[in-house]
Each structure stands twice: as structure tokens, then as C-alpha cells.
Ligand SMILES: Nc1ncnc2c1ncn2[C@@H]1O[C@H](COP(=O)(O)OP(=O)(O)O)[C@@H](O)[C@H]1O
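There is one chain below, alone, in C-alpha cells, taken in the form predicted on its own.
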Amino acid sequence: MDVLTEVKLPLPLFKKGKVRDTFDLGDSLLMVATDRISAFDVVFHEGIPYKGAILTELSLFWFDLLEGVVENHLLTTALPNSLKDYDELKRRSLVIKKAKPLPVECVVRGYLCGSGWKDYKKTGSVCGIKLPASLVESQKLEKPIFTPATKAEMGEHDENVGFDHVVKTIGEEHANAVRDLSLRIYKKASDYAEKHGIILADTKFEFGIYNDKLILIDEVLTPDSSRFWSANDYSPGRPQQPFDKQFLRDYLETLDWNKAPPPPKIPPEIVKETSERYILAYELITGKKFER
């Protein structure tokens, strides 16, 4: 599979995201997961081999597992007849419902890490939620917490916000619904992951409105939107071995880079290792060999 960073189709472009390009099919959308990767909200020039296929196939796996918990935006994995000859679209494309996205990132944390750990060290809280004193990095929380963030446009940074901000942004009814649903999805997914040797440390969901119903959109529980750790290697008080984008972030933190465009070049060995970790996450979670 060749690395795909740009998608050109004879269709109107509906939206160009950091990773996904979405095209207008009229009453539905075609969402294509490229091999682009972003970190600190900056998109890099190098693509990660197999990444788009992994994100798509993992999302499909989780959509199936979450049936009965939450409705999602998937209509079909079959390409329209006019696109059957576009081999680059295979394994990385979904035809989806034309939902109206809610302008909030729904983050659930079961462990103290990343920006949550940074907030806790400064304030003793995460997104306004007071936590017990003397917690250590990567510690499992007494119960998962809902820690939303703003949904940044291309080139901007997501920011952690309190629940009050979500209420002001989308209304109390929807705010309560996405919080409760996010926590239910996290519980179902983390219980499954632990049985397969993976810790789901935290994750991000996006929701939309379709036919007046709240549905899950975009991707779900992938190495781009989640932190996956090895359960066998887990030890609180230090960073963990990541099967996700954190591996790239950790490398970038060693550079003299201000986390603004233009991005630095990602060395070939970091590209390869990032790809291998994504593949390992897929195989551990699904129990299936990833077809390269």
C-alpha cells in the first residue's frame, strides 16, 4: 500500500481535515482517511505507512463492538460505482451520514497523563475537576472523568475547558448527553481493551446531530484519538510505552521546535516505528493480523 497524503477525486470537497478528506456525495459524504499525521495540531509532510487503513478498520471494529451503546455515522464501506477504479480509496474510505458536528471534543480520561497530568501538576485539577493530592503520572483515576476540549480549526490548538463551557456551547441537554454517552463508551471500550492486554488511558469522541438524534461521528478509539498502553508493562509514576501517536509526540519534544508551522522533518526510522506501533495496536485490539 502506497503512502497517501493527498486525495484528488472528481467530487466536491466537503471538508479537508488534518487527516481526513471528506467529499460531498449529495445526501451522504465520502470520508477518506489519508496517511497524514498531525501532532500539536500541526500536519507533517511525511505520511505514516498504512495509517489511513488502520484508522478506518479499527473504527469499523469499534463501531461494531459499540452497537447497542451508540448509533454512528456509518452508512456503508462500499465505494460508489464511479470510484471503483480508485485503488487508493480501498480500506480507507467510508460513506457516512451528513450529520451536523457538535463543536466540542469529548475527552474521557481514566488515567492521569498528557495535558491532564500537566494541568494537575499546576492546579491539582483537570478541566476544573478537583482530584486527590499526591497522584503520580500515569496513575489510574478512581473513576474516569469527562474533560472536554474546544474543537480547533486547522492551524489552531485544542484547549481543555470545563463542563460549563460545553453547556454554554451546545446547551445543557446535549452537554449532559455527550458526557454520559462518552463515559459509557469509554467503560465498554476500556473493559474490552484490558481483556486483550491494552490499557485505554484516555480517548476523544466527536458527536453530531442526524435526524434530530445524537450520533458518534469521525473516528473512534484509534491510535490517533486515544492513548493505548501495554497492560503488561504498566507502572504508575512514569510515562508508559505507547501504541499510539504519543511515540511521535515524545520524539518531537526532544527537538528545538516551537510546535508551530512549518513542521520539522520526521526521520525515516521514526516514521517506520510510528507505523509499527499503530499496526501493533490494531492487532492487539482486534486479535487479527493486519494485512500490509
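Don't overthink the numbering: it's just position in the shown sequence, from 1. The structure presented is a predicted model; accordingly, all values stated were derived computationally and were not measured.
Another form, the form predicted in complex with this ligand, is not on view; read the next lines as being about it.
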item: Residue 202 within 4.5 Å of this ligand in the model of the complex, heavy atoms; value: no
item: Contact test in the model of the complex: residue 248 vs this ligand, heavy atoms, 4.5 Å; value: no
item: Any non-hydrogen atom of residue 15 within 4.5 angstroms of this ligand in the model of the complex; value: yes
item: Non-hydrogen atom contact residue 98 with this ligand in the model of the complex at 4.5 angstroms; value: yes
item: 29, 73 and 217 all contacting this ligand in the model of the complex, non-hydrogen atom within 4.5 Å; value: yes
item: 165, 184, 151, 140 - the one with a heavy atom within 4.5 Å of this ligand in the model of the complex; value: 151
item: Interface stretch in the model of the complex with this ligand - options 279-287, 265-273, 5-13, 20-28, non-hydrogen atom within 4.5 Å; value: 20-28
